[in-house]
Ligand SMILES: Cc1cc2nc3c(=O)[nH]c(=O)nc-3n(C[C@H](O)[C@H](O)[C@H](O)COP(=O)(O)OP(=O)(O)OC[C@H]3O[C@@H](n4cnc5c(N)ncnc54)[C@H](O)[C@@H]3O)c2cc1C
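Just one chain follows, in the form predicted alone, and it is written as structure tokens.
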């Protein structure tokens, strides 16, 4: 099945803490045809063009009929989304992009903030396959990871917070630098660019495989607008995060 375009009904949309929200939409065709690491575009007002541009959201969970997302209110678009109620409809299209390539190596999943979203989906998929893996998530405070409680029935994780209010005190990348990851591992990561840069550096030092999901603004999700260009590492030119990614081998891109 290709890209699906539809008006999807909101099933749930509620705040967890610190402006973090859980959104669930009814979209069985996309849910059944998507894979961990892919994303969809959501347009709130396709009839009134307010806001004009859609937003890209990574899937945190896929049931047989619905898609679940984590988002934080940071501007006009997410503010308007937070006002939507169950029964309202949003215009969506997907699945888009290339997701994670699951290998048989020892899997270590490293997420920062809402970048944990696609890793929750990936962790659940690995569990379905009977794969042993480790999920580690980081934030500034415990409140930044409160949304993880909503997924406690499907994933287990270890936490790092900068103020020590949850789990280990420090950065989530400390899990790698403290000797928990070796050359036998495959790292899967999503989060802020600075975190991904450090994860990529540490993976190279350890000799581990590393896939990173790049979070960058996207206006179309289809490779047309060129707003999500990512520099190639070993050659001239750019990748399009929406169609060439958002998941890349960390050795292929400059971040």
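All of these numbers come straight from a predicted model, not from anything done at the bench. Positions refer to the first chain, counted from 1.
Below, we turn to the form predicted together with the named molecule, even though it does not appear here.
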Which is the contacting stretch out of 171-179, 111-119, 87-95, 144-152, given heavy atoms within 4.5 Å of the named molecule in the predicted bound form? 111-119
Can you work out whether residue 71 and the named molecule are in contact in the predicted bound form, taking contact to mean some heavy atom pair no more than 4.5 Å apart? yes
With the partner left out of view, is residue 53 within 4.5 angstroms of the named molecule in the predicted bound form by any non-hydrogen atom? yes
How about residue 216 - does it come within 4.5 Å of the named molecule in the predicted bound form, if we only consider non-hydrogen atoms? yes
Residue 130: touches the named molecule in the predicted bound form, heavy atom cutoff 4.5 angstroms: no
